[in-house]
Each structure stands twice: as structure tokens, then as C-alpha cells.
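Have a look below at one chain only, the form predicted on its own, in C-alpha cells format.
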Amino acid sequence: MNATTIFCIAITLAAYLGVRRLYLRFRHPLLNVVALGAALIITALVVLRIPYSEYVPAKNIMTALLGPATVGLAVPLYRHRSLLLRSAPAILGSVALGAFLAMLTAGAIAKLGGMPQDVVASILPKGVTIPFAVEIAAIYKGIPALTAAFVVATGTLGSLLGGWLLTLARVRDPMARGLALGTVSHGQGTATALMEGEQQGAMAGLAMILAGIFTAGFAPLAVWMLGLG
């Protein structure tokens, strides 16, 4: 690991910690860790004239830690296991409905907008994580790269506006907020939920996993209803 890689990791951590601290203090939706943090990192790389190719090794190291971080979501789930058991039917039903409607509405809007069939298929699984989404899109002749872009955009918008919209709608229950953020904006929504509280983060992590499963299961029905088969 060379000095540039270490420096890139350092500025990434500094951007994350700085924006996170601002968000926890002011709770403003524009103080988003992903969007604002990325903007700060890009600005630093441009100002310091560090090409992206030199940032890639640092990115790869940090990306490798996503696996352990995802497994770490099991800790708050375990702590709230009694709540999960009591509310299992409501959790399963709400995430299943949310995942299906997220697919159907996105596909319907794209189709009504005159988008080609491969674009419509690409946008269907936008609410789940990239590994789920690209495989689902490929099955129905979508474009994996385009699906990945839709997933990132969905996660960013969800993390930016999700909490604010839930507050606007007077949704205050921690479980409901976490399930909503995890269902429609996957990992980025889960990160936002974790900053709200441990219970919100636990529910968002669970919803993120369930949404991937339900999206894969309901995809054939959504494709049939949209006439993509």
C-alpha cells in the first residue's frame, strides 16, 4: 500500500466523518453522507490533481470491507429479535408490498414515457442492491450497467429525501421508518436509517435483504403485468 492509497483512504474517512457529524447536528436532508461526502472527495481529488486511477486501489480496499459491514447489521437485528418475532407478519407483508409496488410503478412510468423495453426491464429492480438488481435485469434482457446506475440513483435520492418525506408524512415509528428506507433505497437508505437510531437501522437492514428476495420473486409477475414477456 503506497502513500497515495493511504492518503485517499484518509480523505474518504475525513469526508465521511465530517458530513456525518454535520448531519447528526443539524439533521438536514442535504447533509447526506453519500452525496455530499462523494462531492467533497471528488473536489479534493480535482484540487490535488489526483487521477481516479490512483484512487481505485483505495476504493478497492474500502469496498472489500462492505462484506463484513453488511454482516455487522446482524448485531442490531439480534438485539431487536423479540420485536422482529412479534411483528414478523407485518414486516413481511409491508416489505413484500413495497418491493412489488416499487417495481411496478417504476416500470409503468418508464413504459408510459416511451422508454424501450430493455430500459424498462433495467429500471424494474432499481430498489434493491446491485448484485440482486443486475441479475434480475439480465434475466429479462435489461442492461446491467444501466440497472447499476438506476440503483445508485435510487439509493442516493432515497437517502437524501427518504427521511425528510417520512417526517413530512408524520411517520415517526422507528420500525416503520427503517422498513421504508431499507425497502426502497437499499444500502444507502440503511446507512441513513442507522444514523437515525439502532432500531431504524436494524429494520432497514432486514428490509434491504427481504426486498431483494421479494423483488426476485415478484419480477416475473411485474414483467407479465407490464407486457415485457
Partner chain sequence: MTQTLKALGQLALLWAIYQGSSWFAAFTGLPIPGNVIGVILLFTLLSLGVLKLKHVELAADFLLKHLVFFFVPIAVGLMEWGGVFYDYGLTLLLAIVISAVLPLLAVGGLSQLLNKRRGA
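Given the structure is predicted, the values throughout are model-derived calculations rather than measurements. Rigid core (definition): largest C-alpha set, two forms, superposition within 1.5 Å. Positions refer to the first chain, counted from 1.
Form predicted in complex with the partner chain: not shown, discussed below.
In the predicted complex, Lys59 approaches the partner chain with a heavy atom inside 4.5 Å. Contact annotation for Tyr52: at least one heavy atom lies within 4.5 Å of the partner chain in the predicted complex. The partner chain is not drawn, but in the predicted complex it has no heavy atom within 4.5 Å of Met195. In the predicted complex, the partner chain stays beyond 4.5 Å of every heavy atom belonging to Leu22.
Contacts to the partner chain in the predicted complex (heavy atom within 4.5 Å) from stretch 1-28: Thr12, Leu13, Tyr16, Arg20. Remark: with the core as the superposition reference, the CA shift of Gly98 between this form and the one not shown stays below 2 Å. Positional change of Ala110 between this form and the one not shown stays under 2 Å at the C-alpha, relative to the superposed core. If you fit the rigid core between this form and the one not shown, you'll see the Cα of Leu221 move by less than 2 angstroms.
Between this form and the other one, the CA-CA gap for Tyr23 and Gln199 widens by 3 Å or more, being larger in the predicted complex. The gap between the Cα atoms of Ala204 and Ile9 is larger in the predicted complex, by no less than 3 Å, than in this form.
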